[in-house]
Structures are given as structure tokens and as C-alpha cells.
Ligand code: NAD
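Consider the single chain below, provided in C-alpha cells and representing the form predicted alone.
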């Protein structure tokens, strides 16, 4: 973990579950940290809890520019463009990251506003079905994976600032290229939301008897369907290309399973699914060593290490 003196202050734009948790976690390390939220309710709640927060975006960004802060973009995808426009106007020289669940679309938006030189994307793989400031926790990211992007042209100093923030929040860092990240999370994050919604509809279609009998399998399989629909829409629609590919593959698997069940067997699906789950449970992480950000070929070396299960600690 870095010391507070070695780390830049943190400015968090958006104080929902993830952004609010970043503000809490950064503050807990001893860093100077402050936040912005459009909703006065979230700001009032944050201030009541002892945190530094404001509804004045221009003033918040001017403060970040003066303090050479690391700015964390933590707003829903539909709000990203307007926030980036404000950053370009009021704080064009800050180091910038984000915690949005899609990376390619955010990188494109950052480029459109001329902010790519000081941007490194991020995605903490943590969350709950709850939302809002009140749902946040300084421990939300403890032992979680936090993706830190390594796209072409990535500034090594900014990359290390973003990775250090993730580590200080208690996470391990997985380096990944933005569109590789989007393809991966379509399968393990966004597709599960689609399937959970479908499963919830199937259960409700059985009426009160089915819902009255529902227990662990239904509860666990539909947990993320409790997420606010607007948040799910923003995630899934923001990663539509990759999610469509993953959804097509899942539909093919389900169609094959239906055909086999009509012939009296579910064996192919259950054995293959069990093997895939076992692979997930037996996965191992190994520390990334011998790579120095800024050295020759460091970007491709970090991408390759991330693909192979490496983590930056």
C-alpha cells in the first residue's frame, strides 16, 4: 500500500454505490479526497457522514486541477459525455480514471473530448444489488479484482497512480486492454444480468405457487435481478456488441440443451457446465513481476500477464 504522502489526492465524480465506496476507501487510507454528485440528497448524506462533497461540478473540478488530483469518473454511462465535457473545460490536465463497467465506449468518449493522454480506465469487479450513497462501504473492494486498462499510448505514471488507488482500496489489479475487458465482462457480468432477469420472469410465470416454493437456486440465480433496471440497462446497452455475441452463444447452448432434453438427456449440459464451474473454482492468481511501467514493450507484457491470470500487487 502507498503512503498518503506519495499518493495524489482523489476527486470522485458520482457518489453512488461504487463512487461513494471509492471516496470512503480513499479517505480511509489517509488521502485527501472529495467528491461531487448532481443529487443534493447524496451530497447531504455524504457530508452528514463526515465526507467532503459538493453539488458544484465546476468548483470541484477546479479544485482537482489545482491539487493535481486523480479524478475518478463514477457516473452512469449516459452521464459520461457531459461530465467529460466539464473536465475538458475545468480540469484538462488532471490524471483521469473511471469505474464504469464498460471500457471501450468510455475510452472513445475520453478521446472525443481530447483527454486520452492522461486517462487510464478502471473497473472494480465489486458491487451489490443495492445502489446509492447509503449502500457504499470502504470495504467494498477488499480482495476484489480491479481492472486497470493498458491501451496503446497509456501513460505509465498515470497507470501507476490508478493501480495504486486500486491497491489502497484493498483490491488486486488485473491489467487488460479495453475491448478485451469488454468481451470478458460481457460473459461474466452482463450476461448473468440478462439470464437473471429471464429466470426471474420464468419463476413469476409459475404464479404464487412457484414463487412460494422458490429457495436457494432461484434466490442465487436471480440475485442481480434486484439491481435497479436503469443501472442494468446502462451496463448492457453500453456493451451491446460484446454482449450480443455472448448472448448468441448462450442461446445456442440452451437450444442444444432443449433438443437433448427432448431426447431424454441433460447430460451434455450438466457435465460441461460442472467442468466450467470447477475451472472457475480452481483458478489461481500469480503476482506479476519483472515488468516496469514505461520500459520497452511494457503495455503488451502487462496485457499478456493479465490474460494468463497475473495480478499486480
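In this text, rigid core is short for the largest set of C-alphas that superpose within 1.5 Å between two forms. Note that this is a predicted model, so its numbers are computed, not measured. Residue numbers count along the first chain shown, from 1.
Not pictured, yet referred to below: the form predicted in complex with the ligand.
- Between the ligand and the residues 18, 25, 305, 299, the one pair within 4.5 Å by heavy atoms in the model of the complex involves 18.
- When you look in the model of the complex, the only residue of 100, 185, 84, 166 with a non-hydrogen atom within 4.5 Å of the ligand is 100.
- Within 4.5 Å of the ligand in the model of the complex, a heavy atom is found for not a single one of 8, 72 and 119.
- Of the heavy atoms in residue 76, some are within 4.5 Å of the ligand in the model of the complex.
- Contact check for residue 124: a heavy atom falls within 4.5 Å of the ligand in the model of the complex.
- For residue 227, no non-hydrogen atom is located within 4.5 Å of the ligand in the model of the complex, even though that partner is not displayed.
- Although the partner is absent from this view, residue 189 stays clear of the ligand in the model of the complex, with no non-hydrogen atom inside 4.5 angstroms.
- Heavy atoms within 4.5 Å of the ligand in the model of the complex map, among the stretches 281-289, 254-262, 268-276, 36-44, onto 36-44 alone.
- With the core held fixed, residue 231 shows a CA shift of 2 Å or greater between this form and the one not shown.
- After superposing the rigid core, the Cα of residue 179 is displaced by less than 2 Å between this form and the one not shown.
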